[in-house]
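First, one chain by itself: the form predicted alone, in structure tokens.
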Amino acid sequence: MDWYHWMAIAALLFCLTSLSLHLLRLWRLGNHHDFSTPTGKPSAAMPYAFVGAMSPTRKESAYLHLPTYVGGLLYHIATFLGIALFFLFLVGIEIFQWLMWPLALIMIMGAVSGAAILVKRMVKPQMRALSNPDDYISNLIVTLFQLATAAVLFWPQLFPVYFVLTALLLLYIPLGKLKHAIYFFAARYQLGYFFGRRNVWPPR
């Protein structure tokens, strides 16, 4: 392994350790006893909490801004795909030639979506007023990561740059808003448990 592989591994260990501590903290803070009498089953509400409740038909912020919603989906799909590819690159698994163009296309679509969302945040006064430097930094790092992932599929000589960018992303995830990667799942679980126990979710 080269120095940039070890840099990425060190950043990955830091990221996983930090996120694990965040998750442990969330579990401790949310693990309180509910004295109310349950009228439903939390397990029945979990699929709705993670799927149905995220549908544009159920989210006002989504159906009023469908292009941004679709762009956000593409952005997140490309991000998760990029992370999966990172692990393949790290252990030296080669990507099939016929897969390279579809994978690169997804990564580029994600990066374009991220850039569009960034421009919207900068241009719209309402969004700009609610934004802070972390919003811009997070978007920029992820977008560059996606572009770098698409590039190394065809130009392996860019791997040093790719792994440095990936290391920066992994180091920043626990420090900024990107740690919503765990807060999202924790919040969805808590909502599913709370509303499922009260027989509110899934809606009849």
Partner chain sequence: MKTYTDEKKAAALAVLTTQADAKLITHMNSCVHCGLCADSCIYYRAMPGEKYVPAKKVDLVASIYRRYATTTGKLFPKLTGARNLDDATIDEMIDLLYGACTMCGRCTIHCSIGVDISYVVRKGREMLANMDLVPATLQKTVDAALETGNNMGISDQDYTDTLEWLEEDLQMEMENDNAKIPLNATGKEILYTLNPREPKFFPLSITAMAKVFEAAGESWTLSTRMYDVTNYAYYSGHLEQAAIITQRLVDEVHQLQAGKVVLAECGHGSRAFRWEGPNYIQQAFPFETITSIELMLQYIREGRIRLDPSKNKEVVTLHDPCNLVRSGGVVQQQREILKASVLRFVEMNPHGIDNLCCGGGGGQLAMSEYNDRRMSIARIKAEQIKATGATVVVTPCHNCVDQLTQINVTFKLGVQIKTLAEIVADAIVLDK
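For the two forms, the rigid core is made up of the largest set of C-alpha atoms that agree within 1.5 Å on superposition. Numbering follows the first chain given and starts at 1. What you see is a predicted model; the values in this text were computed from it and never measured.
This protein has a second form, the form predicted in complex with its partner chain, left out of what is shown; the following refers to that one.
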Indicate whether Q126 is a 4.5 Å heavy atom neighbour of its partner chain in the predicted complex.
yes
Using heavy atoms and a 4.5 Å limit, would one call Q190 a contact residue for its partner chain in the predicted complex?
yes
Is M7 near its partner chain? Define near as a heavy atom within 4.5 Å, in the predicted complex.
no
Is K59 close enough to touch its partner chain in the predicted complex, meaning at least one heavy atom pair within 4.5 Å?
yes
To test your reading of this chain, name the stretch in 80-88, 130-138, 93-101, 106-114 whose heavy atoms come within 4.5 Å of its partner chain in the predicted complex.
130-138
Answer option from M46, V164, L147, M54, heavy atom within 4.5 Å of its partner chain in the predicted complex:
M54
Along 26-57, which positions have a non-hydrogen atom within 4.5 Å of its partner chain in the predicted complex?
L26, L29, G30, H32, H33, D34, F35, S36, T37, P38, T39, M54
Core fit, then P42 C-alpha moves 2 Å or more between this form and the one not shown:
yes
Does G30 count as moved between this form and the one not shown, where moved means a C-alpha shift of 2 angstroms or more after fitting the rigid core?
yes
